[in-house]
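Read the single chain below, which is given as structure tokens and is the form predicted on its own.
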């Protein structure tokens, strides 16, 4: 009964805070996926460009942010952003240390890493689009934007969905590292509950279970999206 009380929603229970922590983890991951989508699209475009300089810059981005530890990126963005904010505040006559908001720095840091992985997903998906369809569209005089909207974008999204599902799961786990900045996401909340009650095993198990709930539910969402997307394309399209 004592265990149920600790993880429950009553007086002295940590249930509400753990659920709030899980919601914050979801929000950070969603923000990171959005940041990564923008960066990933830009980097994939650079890597597919005819410009050698653009390809080198795109390759450098994916090499750096897939090669360095995620925790280091979080520290660099959090402390680098805080240093910049403090310097900016001093220009306007403000004193003291101005810390970067933990949510913003966390979503940005995980998003920068996510962008490196999403770039490869988008690049591979673009290369999977059938060349014959693009040539046919050019032959009938379809403008570039219309070609992108009707042929390229739908097929890239269709091929990218499985990879994006993997990147989402990766971001969800990386978001636990954001706890070092003090953000009360799921990992941080589990640590606080464990430290306050000295029931470390219990709360880390509960935290792990909530992560599994998030990954399982989001996995089903991506599976459903893949199935819906597959129904909108005739079998075999995009592979020639």
Partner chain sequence: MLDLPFLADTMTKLLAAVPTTLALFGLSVSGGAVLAIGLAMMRVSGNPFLDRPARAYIYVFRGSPLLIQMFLLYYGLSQFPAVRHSFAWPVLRDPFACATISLALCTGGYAAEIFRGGILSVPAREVEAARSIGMSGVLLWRRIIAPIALRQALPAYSTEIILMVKSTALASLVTVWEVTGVAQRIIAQTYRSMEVFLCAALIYLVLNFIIARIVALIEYRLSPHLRPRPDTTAARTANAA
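Nothing here was measured: the structure is a model prediction, and the numbers come from that model. Positions refer to the first chain, counted from 1.
From this point on, the text means the form predicted in complex with the partner chain, which you will not see here.
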Open item on the list: Please tell me which of 34, 54, 68, 27 lies within 4.5 Å of the partner chain in the model of the complex, judged by heavy atoms.
Closed with: 68
Task: All of 79, 204 and 211 within 4.5 Å of the partner chain in the model of the complex, heavy atom check - done: yes
Open item on the list: Please tell me whether any heavy atom belonging to residue 198 falls inside 4.5 Å of a heavy atom of the partner chain, as the geometry stands in the model of the complex.
Closed with: yes
Open item on the list: With the partner left out here, check for me: in the model of the complex, does some heavy atom of residue 49 sit within 4.5 Å of the partner chain?
Closed with: no
TODO: Using a 4.5 Å heavy atom cut-off, state whether residue 191 contacts the partner chain in the model of the complex.
DONE: yes
Open item on the list: I'd like to check something about residue 215: if you look in the model of the complex, is any of its heavy atoms closer than or equal to 4.5 Å to a heavy atom of the partner chain?
Closed with: yes
Task: Residues within 4.5 Å of the partner chain in the model of the complex, restricted to 156 to 188 and counted by heavy atom - done: 166, 173, 176, 177, 179, 180, 187
